[in-house]
Every structure is written in structure tokens, then in C-alpha cells.
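First, one chain by itself in C-alpha cells, the form predicted on its own.
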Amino acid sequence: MPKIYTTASEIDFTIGELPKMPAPSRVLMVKPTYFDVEYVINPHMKDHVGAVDKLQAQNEWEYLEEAYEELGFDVQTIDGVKGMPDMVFCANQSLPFVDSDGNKKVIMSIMHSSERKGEVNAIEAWYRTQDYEILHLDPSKVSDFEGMGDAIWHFKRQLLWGGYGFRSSINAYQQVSELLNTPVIALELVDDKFYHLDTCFCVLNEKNVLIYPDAFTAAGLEMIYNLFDNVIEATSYEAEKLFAVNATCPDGKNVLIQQGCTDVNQKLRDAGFSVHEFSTYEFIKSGGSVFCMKMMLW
């Protein structure tokens, strides 16, 4: 049922009516060998060029990798590429999917910034070693689309939440929806500090979501509140300074989140989630945290 929804009044389904999709069981991570802040393409990078402690970044990355393994995920790691310092944020270069027949597909991104365009080919080369059908958007009609940085699956349902305004264009979602035969809830982002949907919107499970409300329009918030039973809101400090909403809940129970998010962590525990804190301070200097540093796969 390909369709783009931009207001709550357009929504003509319930979550329970949507086709089911299995939860991912694999994780892709890109080693941070060449990670650094070498340019400024988002507000968080300002004043951090050349300021990354690479040994600390490696340690932070390894703790996250171990966490996925401890949760029972099959973790795949690939080497970074010199000259592509942001490739470590491997949620951005693709959008993988598995249909109701178990067919694995992936749409490759069209990166907004010239500094990151080469990452797509590097990630696509890895997908070609896997059993995924590789799909591309029409570059003559789509100027930019940054994969799961902006397009986030509803937990275990064939529904996409699609952010647009800074790194992805809304017209990309028409092609995405048609290629995957999947509806898209289009959410306009209005604060450039929250330039990807994954910085302000974290699907926890089928009924729960963590958001930073000021990153959205009133129309976007209405759609979020319409389709989730429980919406947890992060404070401006924890969302902006600690990237609280760039958390991930890969199994619907365990939340991996940047350390120190006291308010959000209590709300998550009150909602029945297990919270696991990690230091990602070196990666926050580049504008990313836990969610950005992995790609969930089937």
C-alpha cells in the first residue's frame, strides 16, 4: 500500500492492520579507524575539527559492538575507508528491508553532502556480498535521501517514518514507498541541530516511541501521537547535548543510549525498558551517537 501521509487526517489505517515484518537479527558496524571531524556539515561539528580522541573513539565503538553481541545479534563489521571519516555512521548510506515473503532488499542512499557521497559505494560493495536485492532511487528526480538516518521502520510492521527537510527530500519518499510497497509517514524536521530523524525520533517497540518534540511541526507531532500508545519526550538539554533520542532499541526491550540521560532513562525504566548506557562523546562531536553507529539487518 504505497502512500505518503503528511497529516493525521489522512491516516486511514491502524498499526495492527499493517503487514508484519520480522525484527532484525543482524547488525552492521563500520570500524572507526579513520573517524574524525574533518569538516563541518552540521551544527554539532563546529569547533570540533581535529578534536577527536581516536583511541577513546575506538574504545567507545568496541563497547557498543560487544553490547550487540551480548544481546544475541550477529554483528558484521567492515573496515572504514580513508578519506571517509563519517562512514562509521553506517545508518545513513542505505535502507534495508525484508518483505512478507522473506526477500531482502536495500535502497541505497543519495547523500546530501558532497563530503559523504563516496560512502554509499563503499557500503553497497558490502551488500553485494550479501543476499540483498540492491535498489536505487532515480537521481534525476531525487536530490537527497540519507537511508535509515531519516527513514525508520516501525517495530515489526511494514511502515516507514520518514524525516525530511535537511538531509532527505520529501519527494524521495514517493519512490521509496513505491519500491518497497510500503506507506510512509512524512515528518518535517524544523531544527537544524536535529538534521536527521534519528536524532529526534526513536522507535522503541510497536507501541512506544521516544522523541524530542520541538524538532517537529504540529502536524508531525499529531501523527506521532496518533499512531503510538505511549510517547516519551526528551528534554532539550538531553536531546541536544547528550543525543538522548539517538538511542536504539533493537529488540523492543533493551535500550542502548548515551550515558547521563537521567530524565529520559527514568522515563524509559518507568515504561518497562531495560536501559544500557554507553559513552559516545567522541562521536557526538561529529553529530552522531548510538543509533547512527550501526545498521540493523535481516
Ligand code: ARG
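What you see is a predicted model; the values in this text were computed from it and never measured. Start at 1 with the first residue shown and count on from there.
The following text describes the form predicted in complex with the named molecule, which does not appear among the structures shown.
With the partner omitted from this view, the residue of F201, W153, F216, Y195 that lies near the named molecule in the predicted bound form is Y195 [heavy atom within 4.5 Å]. For a residue to qualify, one of its non-hydrogen atoms must sit within 4.5 Å of the named molecule in the predicted bound form; none of P24, S100 and R157 qualifies.
Taking the partner from the other structure, the named molecule in the predicted bound form has a heavy atom within 4.5 Å of a heavy atom of N42. By the criterion of a heavy atom within 4.5 Å, L297 is excluded from the residues contacting the named molecule in the predicted bound form. Among heavy atoms of Y173, none comes within 4.5 Å of the named molecule in the predicted bound form.
In the predicted bound form, the named molecule sits beyond 4.5 Å of every heavy atom of S168. Stretch 88 to 96 is the contacting one of 88 to 96, 221 to 229, 125 to 133, 73 to 81, since its residues have non-hydrogen atoms within 4.5 Å of the named molecule in the predicted bound form.
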